[in-house]
Ligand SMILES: C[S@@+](CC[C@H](N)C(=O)[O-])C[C@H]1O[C@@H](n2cnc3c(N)ncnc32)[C@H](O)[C@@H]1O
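In the form predicted alone, a lone chain appears below as structure tokens.
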Amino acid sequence: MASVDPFGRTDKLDDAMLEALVVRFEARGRHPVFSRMLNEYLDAMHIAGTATVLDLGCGTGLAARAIAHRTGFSGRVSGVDISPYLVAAAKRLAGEEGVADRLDFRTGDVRRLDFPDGGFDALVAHTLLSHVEDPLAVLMEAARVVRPGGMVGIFDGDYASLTFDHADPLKGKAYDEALIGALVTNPRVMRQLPRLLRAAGLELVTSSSYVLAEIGTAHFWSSAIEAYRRLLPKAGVMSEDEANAWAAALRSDSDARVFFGSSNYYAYVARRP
């Protein structure tokens, strides 16, 4: 089935659904493994020494705030997202963390950025590319707005690997496929990044690979399951009753310490020649 990826159309979701995504994004960002993955590729980009950074598809501003908090960073981060609701959340959270003076968030289209050529020292796209229909167009815009020698950091899940165990393995496989097909536009895009970066005129500098698996008890995946429970009926692949039952079974597995949930993640750091 064709994906309707709610994460790629956050400008069209209702406020209740968007607030559920805010909760998920922030819970995910606070998880120590997810936070470590972000900080490792920011280290590889030498982000602290940059003056201007663009956070592409900024969402709640998680990556932008992480950059603003880094020791030695005295520059400014601009964030762009398609959702006015998420941009408002990003501004609010930046204020709450005391970094609003170094951050600027605005609504915009990541395929057609309202910034001049070469206007940024660095750019990050944190959990964006899997949710856009034309990743190459986004990467070409990223290459355009970064100055020659500037760094581009791309991080996302390889959601074709996303899986949860189920008491019935065949039903579990069907649920995994429904989840991936409905909620992710490009579940394999991170496997395509080496060739896409080259096509966009960017040079690969380094990459990192991760497996974020929880076995026994769900922590990182618990907020994802709750968000997916609400998104799956919107995507039309499950009824509300079926989605509730799917989520309840996973919560029950976690309580019984027999939970399994896993996905691969990748980070790429590239340079504009």
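In this text, all values refer to a predicted model and were calculated from it rather than measured experimentally. The numbering used is simple: start at 1 and walk along the sequence shown.
FYI, the form predicted together with the named molecule isn't displayed, but the following is about it.
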Legend entry - 4.5 Å heavy atom contact, residue 93 and the named molecule in the predicted bound form: no
Inset, instruction - Would you please decide whether residue 109 lies within 4.5 angstroms of the named molecule in the predicted bound form, comparing each non-hydrogen atom pair? - result: yes
Legend entry - Contact label in the predicted bound form: residue 67 to the named molecule, heavy atom within 4.5 Å: no
Inset, instruction - Would you check, heavy atoms only and a 4.5 Å threshold, whether residue 78 touches the named molecule in the predicted bound form? - result: no
Inset, instruction - Counting only non-hydrogen atoms, choose the one of 201-209, 216-224, 25-33, 236-244 that falls within 4.5 Å of the named molecule in the predicted bound form. - result: 25-33
Inset, instruction - Quick one: name the residues from 103-132 with any non-hydrogen atom within 4.5 angstroms of the named molecule in the predicted bound form. - result: 108, 109, 110, 111, 126, 127, 128, 131, 132
